[in-house]
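What follows is a single chain, given as structure tokens, in the form predicted on its own.
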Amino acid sequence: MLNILVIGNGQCGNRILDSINKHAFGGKGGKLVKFYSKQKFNSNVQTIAINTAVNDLKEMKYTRAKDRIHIPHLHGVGANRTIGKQVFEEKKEMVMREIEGRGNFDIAFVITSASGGTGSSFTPRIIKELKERYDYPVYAVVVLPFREEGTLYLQNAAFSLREIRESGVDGIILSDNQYLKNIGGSIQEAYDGINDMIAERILFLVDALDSEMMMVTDLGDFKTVMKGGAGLATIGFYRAEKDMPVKTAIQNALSPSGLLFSTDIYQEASRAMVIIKGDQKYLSIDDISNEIEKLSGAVGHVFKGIVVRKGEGPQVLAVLTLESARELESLYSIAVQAIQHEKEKKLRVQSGMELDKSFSQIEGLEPEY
């Protein structure tokens, strides 16, 4: 049995973690289910939510109180990563004691938005501490912002991603709100769906890595896949109806609509792991092998695994590491513009001093009543 740590950091990470716990409890029973039911993990999974904003923690419905860690700092860090870094350094031992108290692990995932305050500033430092203190692999699941969310979020994303990359992380799994909005509709629909989409994929992966398979993939294979490419990855997923051919389900998981991040996998992917789950009568070995061969011809090595689950239609998960990411380059170009825009505004305020000129007009005067 694997020992797995899942940390949801900041508001976005908290919400995704809460969705993971919701599905682990079976997705039914309302917010009271955490008091009388047991999480349905094959592995020993420990979940921890971390936030400086206590109200964000209070919003969580499916995560037990003991798994919500409030780092005291007023009501959050206000999307200011400089403040967030200071708060983490002050409270670092408190955070690490909470993690250490959960036991030993085989693998850890840290889930966060790159654009906010607590999540984007704490995550690189949490990963750095984990890598210095323990020898298990740590993977970051990072959500990129809508491009219209504002200049502060865009510049936060740029610097946070760079720091996560430099933290010693074993791989970064990318999800992009903008991309999911473009393929799925409105911003609200993207917000509503992203938590469940990521949770579903993480739960599938956790379940598969600790399941008996016909064709076997395991934690070692996942590590090998994540070491490929530029240290970046994304995940594709598709849940098919029972009458859908498994080859179509695989194609849909690898299609743009199945991915969390915009990429042409046949041009940018480096390695892959494809796991198929379902009733054996729906899983044609020939069709599976043919589709995997097509993918291998484009990206190189592909690990494949089959998990037999009686009565279930085909479900496909694909973990894909990337050699390059043109969409990320585009995000950084926009972030540079955002940083320059903020800098120019600050310089105008500092040099203009228009408000001071207005105040000077009443110098030496007193109000008359």
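Each residue number is its position in the shown sequence, starting from 1. What you are looking at is a predicted structure, and each value in this text was computed from that prediction instead of being measured.
A second form of this protein, the form predicted together with a small molecule, is not displayed here; the remarks below concern that form.
The single contact residue among 263, 217, 195, 167, judged by any heavy atom lying within 4.5 Å of the small molecule in the predicted bound form, is 195.
This chain appears without its partner; in the predicted bound form, the one residue of 136, 282, 146, 159 with a heavy atom within 4.5 Å of the small molecule is 146. For the three residues 174, 234 and 258, a heavy atom within 4.5 Å of the small molecule turns up in the predicted bound form in no case. Segments offered: 114-122, 264-272, 96-104, 243-251. Contacting the small molecule in the predicted bound form at heavy atom distances within 4.5 Å is 114-122. Under a 4.5 angstroms non-hydrogen atom cutoff, the small molecule in the predicted bound form has residue 12 among its neighbouring residues.
In the predicted bound form, no heavy atom of residue 67 sits within 4.5 Å of the small molecule. Contact check for residue 152: no non-hydrogen atom falls within 4.5 Å of the small molecule in the predicted bound form. Of the heavy atoms in residue 79, some are within 4.5 Å of the small molecule in the predicted bound form.
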